[in-house]
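Encoded as structure tokens, the following chain is the form predicted on its own, with no partner shown.
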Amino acid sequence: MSITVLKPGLLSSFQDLGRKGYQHLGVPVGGAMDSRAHRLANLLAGNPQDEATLEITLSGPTLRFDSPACIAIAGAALGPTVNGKPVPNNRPLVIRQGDVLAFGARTAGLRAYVAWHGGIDLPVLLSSRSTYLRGGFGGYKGRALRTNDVLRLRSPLDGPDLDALARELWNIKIYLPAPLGLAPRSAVRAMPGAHTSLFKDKSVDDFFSSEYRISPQSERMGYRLEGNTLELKSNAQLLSEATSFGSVQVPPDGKPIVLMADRQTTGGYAKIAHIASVDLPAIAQCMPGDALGFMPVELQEAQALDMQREEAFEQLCQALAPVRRLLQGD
């Protein structure tokens, strides 16, 4: 019932939907950078959507399975293979004892997510199994994977005939609703916020009309953007307030920062906009050096897009009932 890490990859850590409800204690929410791909991988593996998955960044790990398992991979296309043979994203896959899962060349996106049916045995800390890398807690020993780590499955893949199970799973037709696809966007949708009026009109126009590039100094905490410098109308001092995933804050150097999953809990910089939640996965899949543009949307439109995405997840969850029945032996 275990998996051995032969190579850890560039940055592989366990994430779920985050540690919500503890920002007042200074504990960041964290969680998966691309929650869409994380939820998708879990559903395809027959799991609840908040089960911890392995978030893989750019260069994936090499894992040896010491017991059978069913996995699903979603998100970036990082060339996954089992025993050297390519395997697809967005499918439940039966893995045999002794099989080796590895990753090759990236062809799209930055972060992939691996879900195990039944999950990995990780402690729950403050209602979450997410790894907070800066704080060194949660997930697997509070850190990214290392060579020779041993991951334990919470429940074995029961049933003696794995070949029959694999055939039955493969024969299930899986259609992803369009809102759940990995579609790159030319412009990310963003809402003006309470602080937008504090910026010079030209800066607001620049933000919504010019191109920015993602700085190499970008990571799970925030994406720094390089482009036109944004200026306030005056040097107003703002009170610190709670931050949220997708807020675009502008420090004194005028270079905007998109706050991401591991953002700090509070901040006092003015925020020029807030990214629509439905487009945060697209940013999470961008590489340093990639170009980003922003287009304004109203709150009602952003909420409608959220609703559309949730309906797509519900539709997919219902369509995957046969997968869950097979994996649970019903």
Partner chain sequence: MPRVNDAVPQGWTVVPQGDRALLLVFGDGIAVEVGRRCAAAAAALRQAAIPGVTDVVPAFNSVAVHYQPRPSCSGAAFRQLADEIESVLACTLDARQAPAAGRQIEIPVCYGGQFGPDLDEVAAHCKLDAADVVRLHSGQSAYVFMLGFAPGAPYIGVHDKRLAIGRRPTPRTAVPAGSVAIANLQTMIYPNVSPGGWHIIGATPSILFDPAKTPSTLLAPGDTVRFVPVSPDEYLALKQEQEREQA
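Positions refer to the first chain, counted from 1. Quick caveat: nothing in here was measured; it's all calculated off a predicted structure.
Note that the form predicted together with its partner chain isn't included here; everything after this is about it.
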**OP:** Sort through Thr107, Ser240, Thr147, Asn235 and report the residue having a heavy atom within 4.5 Å of its partner chain in the predicted complex.
**Re:** Ser240
**OP:** Check each of Gln49, Ser67, Thr266, Ser59 and return the one that places a heavy atom within 4.5 angstroms of its partner chain in the predicted complex.
**Re:** Thr266
**OP:** Given that the partner is absent here, state which listed stretch (41-49, 25-33, 284-292, 59-67) has heavy atoms within 4.5 Å of its partner chain in the predicted complex.
**Re:** 25-33
Original post:
At the 4.5 Å heavy atom threshold, is Leu125 in contact with its partner chain in the predicted complex?
Top reply: yes
Original post:
Taking heavy atoms only, is Ala276 within 4.5 angstroms of its partner chain in the predicted complex?
Top reply: yes
Original post:
Might Ala194 be said to contact its partner chain in the predicted complex, defining contact as any heavy atom within 4.5 Å?
Top reply: yes
Original post:
Is Ser155 a contact residue for its partner chain in the predicted complex, using a 4.5 Å heavy atom cut-off?
Top reply: no
**OP:** Scan 282-313 and note down the residues that get a heavy atom within 4.5 Å of its partner chain in the predicted complex; none is a fine answer too.
**Re:** Leu299, Gln300, Ala302, Gln303, Asp306, Met307, Glu310
